[in-house]
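A single chain comes next, written as structure tokens; it is the form predicted alone.
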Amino acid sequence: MLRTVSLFRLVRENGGKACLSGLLLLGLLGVLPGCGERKAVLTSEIQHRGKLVAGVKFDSKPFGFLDSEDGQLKGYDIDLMREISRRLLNKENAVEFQQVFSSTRVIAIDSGSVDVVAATMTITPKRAKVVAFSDPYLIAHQAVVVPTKSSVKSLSDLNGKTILFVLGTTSEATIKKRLPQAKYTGFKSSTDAFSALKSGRGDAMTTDDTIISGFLTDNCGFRVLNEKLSDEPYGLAFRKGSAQAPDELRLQVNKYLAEMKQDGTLERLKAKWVDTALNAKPCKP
């Protein structure tokens, strides 16, 4: 089952107008404090409910995307959630997928609308103050993509030029610190940012190399700069617990991730989705 998380529905569920300004601002930053009493999701609640609710992206190939041929939601994070569902509920399809964006991931967790977020979310100390992260399940790297015909050869060539980024991501802070003299335009999703690059509204776009690879398998006329800006350890995100309701689900999922690393499941998912995209031959016009 697929659903889209509405920001204003989350606000309403968290106490109405009092939370609106904070959610809007901090959601764009990728972090926010709870608007009400926080309570971690318990494994027993999910088992009683009979399904896991996961926040994923619908536009970030190869992690979470709607296949243009059959309209089905596919990707690394989708398969990972189904595998966790199989181990937790004995059914790989006992997952309800809700669409989230980089700017709404933490909001979805904090509101309790989802049990877990699997959406190319980098583990950072700042985010770890407001959400509970699993152990890393994949390491990506921040990169920059430019049109093939661009005169840009290195990161330093982008000072004074317009760089496109996704709101609520670590890429924004990293690129602005590295290139303070560049101009910047932010977008809600990586798809929107890449579309803007295609239409000439910017000179370059920055996001994780794994996400860029998904675009380059379907779009000709672009190249990735050799320099990588940072390592991006992806983690699953959960609502923080308390003494009364500890991070039980996170701890259980960490056990599953350790098992998947040991039995080769994580490596198979990486080979199926990420390595295939990173190693894809450049498309021909």
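In this text, all values refer to a predicted model and were calculated from it rather than measured experimentally. Residue indices: 1-based, along the sequence shown.
Below: the form predicted in complex with a small molecule, not depicted.
Pick from 134, 207, 111, 213: which residue has any heavy atom within 4.5 angstroms of the small molecule in the predicted bound form? Here the answer is residue option 207.
Exactly one of 170, 98, 191, 150 has a non-hydrogen atom within 4.5 Å of the small molecule in the predicted bound form; which residue is it? Only one option qualifies, and that one is 170.
Would residue 127 count as a contact of the small molecule in the predicted bound form, using a 4.5 angstroms cut-off between non-hydrogen atoms? Because a heavy atom of residue 127 falls inside 4.5 Å of the small molecule in the predicted bound form, the answer is yes.
With a 4.5 Å heavy atom cut-off, would you call residue 122 a contact of the small molecule in the predicted bound form? The answer is yes: residue 122 has a heavy atom within 4.5 Å of the small molecule.
Is it the case that residue 57, even though its partner is missing from this view, gets within 4.5 Å of the small molecule in the predicted bound form, heavy atoms only? Output for residue 57 is yes: heavy atoms within 4.5 Å of the small molecule.
Does residue 238 reach the small molecule in the predicted bound form if we count a contact as any heavy atom within 4.5 Å? Because no heavy atom of residue 238 falls inside 4.5 Å of the small molecule in the predicted bound form, the answer is no.
Which one, 98 to 106, 177 to 185, 83 to 91, 197 to 205, holds residues whose non-hydrogen atoms are within 4.5 Å of the small molecule in the predicted bound form? Careful reading of the contacts points to 98 to 106.
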